[in-house]
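Consider the single chain below, provided in structure tokens and representing the form predicted on its own.
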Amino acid sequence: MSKEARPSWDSPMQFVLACVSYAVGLGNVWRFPYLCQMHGGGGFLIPYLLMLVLEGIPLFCMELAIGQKMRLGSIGAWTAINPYLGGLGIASVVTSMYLCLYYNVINAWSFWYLFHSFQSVLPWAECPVNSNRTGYLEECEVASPTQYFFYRETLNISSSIDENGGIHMGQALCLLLAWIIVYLFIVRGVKSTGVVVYFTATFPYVVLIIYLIRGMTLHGAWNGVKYMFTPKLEQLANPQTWINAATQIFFSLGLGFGSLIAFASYNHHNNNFERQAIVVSLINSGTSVFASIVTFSIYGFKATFNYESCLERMRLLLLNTFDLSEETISIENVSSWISHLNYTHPERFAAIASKIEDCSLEAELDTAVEGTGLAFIVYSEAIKNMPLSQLWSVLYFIMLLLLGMGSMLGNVTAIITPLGDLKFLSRTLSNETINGLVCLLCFLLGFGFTSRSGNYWFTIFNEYAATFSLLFIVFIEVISVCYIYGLRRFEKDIEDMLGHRPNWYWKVMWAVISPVLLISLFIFYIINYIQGGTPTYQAWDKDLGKSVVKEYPVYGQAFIALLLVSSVSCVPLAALYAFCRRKQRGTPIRQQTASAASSDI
């Protein structure tokens, strides 16, 4: 496909919505609120917004500029910049492939929960009865109905990664459905994606607004919101707070996957990507804060519900133990009664001392949960206690699906765009066929995540498949643009597209600040990984009804190492391949670079 015949977005708004749909994902809902909770509530916004300015917006703008100038996917764009850098695009494609394999599994879980929401009683609202119908299932009783539904009904999880078990057919069908929908969304490239993003980028905000209105009317919601906006400024002295702020900005914007380069490659030559980079970055961060307000209102409701339930249990325990009238003890004065009865009736109180719980609203609010634990357990726990719980469940899981599907559009585009740019593929296969084969391959490779041990492999991919490689990829990107391609040359390219050169802010960020931040994060990741010792994972123990820590077996550790190395090794291997080809042809590198920049891949 020639650059002249390359399809393009129907309008700049389509491109902005595609970037918003891609960048605003599940991490905004389940990762950012967790970080706020861990690092000082509203005080976390200070390092977060600072990192947005120093790292997020400049790197986002750089990737858009590369894609729009080269009008190629990641592999073609970096090869055009320098033949030795083709491996950078390949590394991005490999990382995006890893992400696609496990990310769509989350969409499959959302489908599973959505389908089970259309019942008179939500299946995670109460424990199922045992086979003798004499009581509830023991695993559910020792855990909770929401945990049981997630770990047993949804995952049918094994007790360790070593126990494979069979395929969960319900999950397998949900995963198939998720991939079919992804294919329908991207079947005609930007022509179909451009239509879909109007819905995937906007409807989640409708649901969030509805949830905000509902959340603020829930009993105890303000306890959660106050908790979020009460800054604990002492956390600013914690280096981990700044590191987490930087990594959250980095991954939330989707840098390094090649998706932004692919999206921008369908822009018109004079599109104002600079303004769009700022707008999309601010929308993404604003959404994180907005989603946190919604999440903390739900947190407040759940924490208050659990706190008052604890007080009510203590009230009933005291009433049943001591000769007191019903009106004597209320949940407002139960704590003082515990102290009073312990002082006046020490012997009788000693008999129930082991049953006394320490009820604390602050402790409930301090319980930090992220990821699937927040999305599928904590939220489900809160939803089941709401009036019209089925309605709120349907809305919530539709929102999760749209957030997940919107991100999947970018993830898959990062793969299919570079493949579509390859002449030998585009000459023999139609774009629809290439897109279908990519989706089919990802589905087949991701099929193992629906086995009983699949969630443990999901965790490996989630924790190790992208973080290390993306830090490496984006660091090499910014170094390549500034010091190999040349910052002045890059400035001229931007002037050619926008009519003006980038100001001092962009140049200082690209040349100095962002590389320093990236290399610091990269070094920290390596040190943290080495000091962490043997990698561990959370295994579900059905007898205890909770997760326990286990070490990965040797083959699991070897697979982690393979994931860490496989994508980043593409960069030196492709450079070595380019060098060998150059030696065979006897072509000077400058001539080869000029040739690559002036022709299609």
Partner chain sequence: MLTAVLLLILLPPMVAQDLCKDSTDGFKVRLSIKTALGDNAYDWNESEMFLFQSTLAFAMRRHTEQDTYNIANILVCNNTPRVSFVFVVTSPDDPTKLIPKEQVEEAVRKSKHRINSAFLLSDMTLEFIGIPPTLATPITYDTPPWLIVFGVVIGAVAVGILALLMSTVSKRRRAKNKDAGFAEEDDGRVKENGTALSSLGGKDGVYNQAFSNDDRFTQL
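Basically, rigid core = biggest C-alpha set you can superpose within 1.5 Å across the two forms. On a predicted model such as this, the values are computed, not experimentally measured, just so you know. Positions refer to the first chain, counted from 1.
Quick note: we don't show the form predicted in complex with its partner chain, though the next part is all about it.
Residue in contact with its partner chain in the predicted bound form (any heavy atom within 4.5 Å), chosen from A363, L437, V206, L324: L324.
This chain appears without its partner; in the predicted bound form, the one residue of R313, K423, H268, H219 with a heavy atom within 4.5 Å of its partner chain is H268. Against its partner chain in the predicted bound form, the set F458, V554 and I560 makes no contact: no member has a heavy atom within 4.5 Å. Figure note: of the listed segments 511-519, 110-118, 461-469, 238-246, the one touching its partner chain in the predicted bound form, with heavy atoms no more than 4.5 Å away, is 110-118.
Contact check for S339: no non-hydrogen atom falls within 4.5 Å of its partner chain in the predicted bound form. Among residues of the shown chain, G135 is one whose heavy atoms approach its partner chain to within 4.5 Å in the predicted bound form.
Heavy atoms of R452 never reach within 4.5 Å of its partner chain in the predicted bound form, leaving it off the interface.
In the predicted bound form, no heavy atom of I416 sits within 4.5 Å of its partner chain.
Residues of 280-306 include none with a non-hydrogen atom no more than 4.5 angstroms from its partner chain in the predicted bound form.
Relative to the superposed rigid core, the position of the CA of K423 differs between this form and the one not shown by less than 2 Å. Relative to the superposed core, K492 undergoes a Cα shift smaller than 2 Å between this form and the one not shown. Taking the rigid core as fixed, one finds a CA shift for K232 smaller than 2 Å between this form and the one not shown.
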